[in-house]
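Presented below, as structure tokens, is a lone chain in the form predicted on its own.
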């Protein structure tokens, strides 16, 4: 039997949706097969286990996050533009996978090792290189001295938290569903400004 790219993509799309709704433990291969419109035997022909299917989904998502990270590190552009481009790329990606941030947080609370095993950014994020960028910017008097770990966590926190806590934020800040897209678009400007405001606070 020859594998079809269209069938494989259909399986991955269906599996991602089921995993996001029910989590790894709650997802069933039969349900994924039904959602993809194929039989379970064909599903196992493409992906022999739920673990392999789960890994394939994460690898596909990381393949889209990776280029944004590589651009952030390697492109010869001002730090502020690097931050803006990364935030913009990440938020655009999350439009395609809106359930992903909350799903990851939920899965971490259940089985952190499974998630950590798939969320390894070492292929895309060179901490030493990023640390040198921050060090050089500080040496030129453009930003304060900053620990690279705090820099990364601040960007991730400002970017990911509103998406993971969408329901809480919407209800407590009275942001309606039809206003949410505009709110996230505004975050593309607010997050870089917030990070740069912190980095440039020379007082």
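Positions refer to the first chain, counted from 1. Remember, predicted model here, so these are calculated numbers, not experimental data. Each form is matched to the other, and the largest set of C-alpha atoms that superpose within 1.5 Å is called the rigid core.
The following text describes the form predicted in complex with the DNA, which does not appear among the structures shown.
Proximity to the DNA in the predicted bound form, defined as a heavy atom within 4.5 Å, singles out one entry of 177, 63, 174, 39, which is 39. Comment: the DNA is not present in this chain, but in the predicted bound form one of 142, 28, 135, 35 has a heavy atom within 4.5 Å of it, namely 28. Residue contact with the DNA in the predicted bound form: residue 48 places a heavy atom within 4.5 Å of it. Comparing 150-158, 55-63, 39-47, 163-171 against the DNA in the predicted bound form, the single stretch with non-hydrogen atoms within 4.5 angstroms of it is 39-47.
Superposed on the core, the two forms differ at residue 11: its CA moves 2 Å or more between the shown form and the other one. When the rigid core is held fixed, the Cα atom of residue 136 travels less than 2 angstroms between the shown form and the other one.
With the core superposed, residue 25 shows a C-alpha displacement of at least 2 Å between the shown form and the other one.
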